[in-house]
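Next comes just one chain, in structure tokens: the form predicted alone.
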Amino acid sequence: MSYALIIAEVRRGVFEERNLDTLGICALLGKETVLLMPDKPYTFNENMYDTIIKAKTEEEVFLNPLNIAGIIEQVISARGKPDFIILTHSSSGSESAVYMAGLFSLPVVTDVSGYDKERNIFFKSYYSDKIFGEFKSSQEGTCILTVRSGSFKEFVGEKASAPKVEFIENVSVSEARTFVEYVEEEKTDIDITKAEFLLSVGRGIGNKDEIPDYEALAGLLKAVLSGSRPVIDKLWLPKARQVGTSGKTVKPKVYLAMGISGAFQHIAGMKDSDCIIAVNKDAEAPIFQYAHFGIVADIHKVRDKLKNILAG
């Protein structure tokens, strides 16, 4: 049976949840699942894979595309060429994918978010899902994919038997590029990705002096205050509160956007919220295209009205 080689995403002893998306697309492709990972203890359901290949090396080696390429050459030498090499669409996964595409002269499709089995077509989106591109390899042989997080988890299933486990004993580590350290993001007392209710403000609030009033409203709503990039760039809120492609992706039950026009970078970070409420004085603001409820009004007046009602 043809197989797909999945490159594990691991960090500090943690088997990342996004690995489920690489496994999920394999289920749609109907390929034998061969997971390549470091030979270290990780907590995950191994029975979801047909074969697990453990390379006897440190996990930091997997952050270096020069090393990954060498390990994959050993796998191919032992098993033959895979139909697909699949990685997560993370910073390291994307870097390794394009490096291997150039090194091995293979086609690559990045940020895959859908697959049509009947037509053998891969999909990726542009401009906050406004446009979808269709991709199909024009040549026989191996194709490299990076998979968007959250796109294929639902297709994962458990195998009937335990996986075969194989080992790669001798791993060559490149000295041309080495891992230095993990750099922690700024620690805060609030993680906006875990909030069920986010009150998010944009440049429409006018100036930093308005922030305390919106913090007060967030408190009355039992919400967490977050912001769009302009608010963060002006230092009105800390970086950890930023929603968007250059900030954090959030999926709260309620997302209340006040004074946010809706640039596609921001929309990408919050469009999957259960309920989106937008308040903006501009009736043509793009965010209204994604909102379940919209209010065209002065955001300060809406804020003050809500505060008066909630303070009761």
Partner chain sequence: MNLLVFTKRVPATQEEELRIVDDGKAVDLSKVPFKVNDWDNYAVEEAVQIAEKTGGTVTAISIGDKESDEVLRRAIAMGAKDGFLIEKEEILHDPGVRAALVNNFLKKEGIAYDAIFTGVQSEDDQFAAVGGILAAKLGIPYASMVIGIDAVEKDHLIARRELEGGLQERVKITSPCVLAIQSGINEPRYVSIMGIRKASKVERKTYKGADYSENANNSIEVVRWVYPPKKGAATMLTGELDEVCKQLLGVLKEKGVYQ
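By rigid core we mean the largest C-alpha set that fits within 1.5 Å across both forms. Predicted model, so just to flag it, every value in this text is computed and none were measured. Residue numbers count along the first chain shown, from 1.
Although it is not shown, the form predicted together with its partner chain is what the next lines describe.
Proximity to its partner chain in the predicted bound form, taken as heavy atoms within 4.5 Å, picks out 241 to 249 from the listed stretches 50 to 58, 241 to 249, 22 to 30, 35 to 43.
Proximity to its partner chain in the predicted bound form, taken as a non-hydrogen atom within 4.5 angstroms, holds for one residue of 156, 76, 171, 221, which is 221.
Contact between residue 270 and its partner chain in the predicted bound form is not found at the 4.5 Å heavy atom cutoff. Although the partner is absent here, residue 15 sits far enough away that none of its heavy atoms falls within 4.5 Å of its partner chain in the predicted bound form. When its partner chain is considered in the predicted bound form, residue 107 lines it closely, a heavy atom lying within 4.5 Å. Residue 203 belongs to the set of residues with a heavy atom inside 4.5 Å of its partner chain in the predicted bound form. For the stretch 102 to 127, the set of residues having any non-hydrogen atom within 4.5 angstroms of its partner chain in the predicted bound form comprises 102, 103, 105, 107, 108, 109, 110, 111, 119, 121, 123, 124, 125, 126, 127, in sequence order.
The two forms, fitted on the rigid core, differ between the shown form and the other one by 2 Å or more at the CA of residue 275. A movement of the C-alpha atom of residue 253 reaching 2 angstroms or beyond is seen between the shown form and the other one when the two forms are aligned on their rigid core.
With the core superposed, residue 304 shows a C-alpha displacement of at least 2 Å between the shown form and the other one.
Put simply, residue 147 and residue 228 come closer in the predicted bound form: their C-alpha atoms are 3 Å or more nearer than in the form shown. The distance between the CA atoms of residue 149 and residue 228 is at least 3 Å shorter in the predicted bound form than in the form shown here.
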